Ligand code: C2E
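Next up is one chain by itself, shown in structure tokens, the form predicted alone.
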Amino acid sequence: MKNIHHKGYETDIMKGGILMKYTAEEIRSALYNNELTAYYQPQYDTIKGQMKSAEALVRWIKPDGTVISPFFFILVAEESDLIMEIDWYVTELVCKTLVKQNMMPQFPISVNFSRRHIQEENFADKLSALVDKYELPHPLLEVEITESAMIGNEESLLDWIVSIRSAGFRVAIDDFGSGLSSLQFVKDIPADVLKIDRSLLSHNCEDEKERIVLESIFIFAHRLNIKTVAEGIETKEQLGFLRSCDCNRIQGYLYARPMPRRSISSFVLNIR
């Protein structure tokens, strides 16, 4: 992959020297034909190395078996309410996955929601109705919203998060540290989890300034009783530093890549 050009409802992708284009119509067709699915990336206790939860990540599996990353189509979907349809579709897949865990320990699963949902009427009621349809405890599903959604949506975002938590769901701020959000604002947001963006670990936790920034974030979160998850962990050096900071959980290739439902179910059974 060499370039992505964002042009309205079209994304141009150079992959293997071949230009591919995905329009909103193609993505919608994939959604209605059940070509979109959920992969799951485990999250681990930083100290004990035990799987504690997972994040659901959308994938597009074409009829020929090709797996398309959301990197190649999600930007187009986010330009319209199509992204909301995808989010709800993935949420229902997650509910089905939790049900299929049967007698296995039920690990909480987090689901990414677009900032468009902040303006969606009765979002918390709709989420509750969907989860109740599968007779699942609400704490098993965690709502993730990106840090960038905070910008320009402070008051409505606060009300949105309060309504979600009042309905018994946990809320995570995703990609924390990737933008310019105010720590003062984060202090006022009643989130349960901060997910530390991988960009803050770009120097493998060996740069002094990087270490200081990360240490400050973890101290800040712990003082506010907010759980922390570090994303994109790939090296033992990163793991060692995060342990020293009392980071609660880690997620990344060091332990596991995103995997389909059948694989995550087998994975859970094998580690218990």
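Don't overthink the numbering: it's just position in the shown sequence, from 1. Small disclaimer: the values here were computed from a predicted structure and weren't measured.
Not on display, but discussed next: the form predicted in complex with the ligand.
Under a 4.5 angstroms heavy atom criterion, identify the one residue in R211, R59, K52, K227 near the ligand in the predicted complex.
If I apply the 4.5 Å criterion carefully, the residue I get is R59.
Looking at M150, L201, I83, A172, which has any heavy atom no more than 4.5 Å from the ligand in the predicted complex?
Of the candidates M150, L201, I83, A172, I83 is the one lying within 4.5 Å of the ligand in the predicted complex.
Tell me, please, which stretch of 186-194, 83-91, 163-171, 126-134 lies within 4.5 angstroms of the ligand in the predicted complex when heavy atoms are compared?
Selected stretch: 83-91.
Is E144 close enough to the ligand in the predicted complex to count, meaning some heavy atom within 4.5 Å?
Close contact exists here: in the predicted complex, E144 approaches the ligand to within 4.5 Å, heavy atoms only.
Please determine whether E234 contacts the ligand in the predicted complex, using a 4.5 Å cut-off between heavy atoms.
Flag for E234 set to yes.
Under a 4.5 Å heavy atom criterion, is Q101 part of the interface with the ligand in the predicted complex?
No - in the predicted complex, heavy atoms of Q101 and the ligand never come within 4.5 Å of each other.
Looking at the partner-bound form in the predicted complex, is C95 within 4.5 Å of the ligand by any heavy atom?
Flag for C95 set to no.
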